[in-house]
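Take a look at this one chain, the form predicted on its own, written out in structure tokens.
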């Protein structure tokens, strides 16, 4: 019988970094190896079946090293969730200003290409769908994950579109609804088909063509007269 993942009270998705006392600095390469190993194991076995010993073996470190970075399995699971969330928002961290010299279609196409390239990669698709099964068992944790990942992408994009509207480039009634429209045009049902192995991961050229077409459809609806 598979138990549910830890509750949101047990896992803080974006906790403040606690000050560390004196001692040797943590080896960040080992930490990354532990998180990568845990991600693969959680995807393969589910939360309940993964042990800290199994993570240590997969990461090729000692169990003491694992506990040196993560106090328990709930904290480790939180790091895995944070990693997926960070990948979802990485494509939006370097957006040029809404009033930049490059035309809006080119800028939005670049954003869509970067975002799709990340969220449609086989690894991220697999991680997202594996985590969904676990997160659906805990509504509070699911809400926290959404806010940190997909919800943050939506909010950042909505603010960007609102800035473009303030520059007179777009005509919007609701920036968040416009962000939903653009995200839907970018993604379509590609993530589902890739997750079900119905289609292969798209090439870079296919991703850019999809992003460009979506932006052009979006601008036909929202470009300022």
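Nothing here was measured: the structure is a model prediction, and the numbers come from that model. Residue numbers count along the first chain shown, from 1.
Although not depicted, the form predicted together with a further copy of the same chain is the subject of the following passage.
Colleague: Looking in the model of the complex, is a further copy of the same chain within 4.5 angstroms of a heavy atom from every one of 142, 189 and 192?
Modeller: Yes, all three are in contact.
Colleague: Do residue 224 and a further copy of the same chain share at least one heavy atom pair within 4.5 Å in the model of the complex?
Modeller: Heavy-atom contact with a further copy of the same chain at 4.5 Å: absent for residue 224.
Colleague: Please check if residue 197 has a heavy atom lying within 4.5 Å of any heavy atom of a further copy of the same chain in the model of the complex.
Modeller: Within the cut-off, so yes.
Colleague: Determine whether any heavy atom of residue 64 comes within 4.5 Å of a heavy atom of a further copy of the same chain in the model of the complex, and answer yes or no.
Modeller: Judged by the heavy-atom cut-off of 4.5 Å, residue 64 is well away from a further copy of the same chain in the model of the complex.
Colleague: Against a further copy of the same chain in the model of the complex, would residue 212 count as a contact residue? Criterion: heavy atoms within 4.5 Å.
Modeller: Looking in the model of the complex, residue contacts with a further copy of the same chain do not include residue 212, since no heavy atom lies within 4.5 Å.
Colleague: Among 155-163, 172-180, 27-35, 55-63, which stretch has residues with heavy atoms no more than 4.5 Å from a further copy of the same chain in the model of the complex?
Modeller: Within 4.5 Å of the partner lies stretch 172-180.
Colleague: Using the arrangement in the model of the complex, list in sequence order the residues of 51-73 with any heavy atom within 4.5 angstroms of a further copy of the same chain.
Modeller: Residues within 4.5 Å: none in this stretch.
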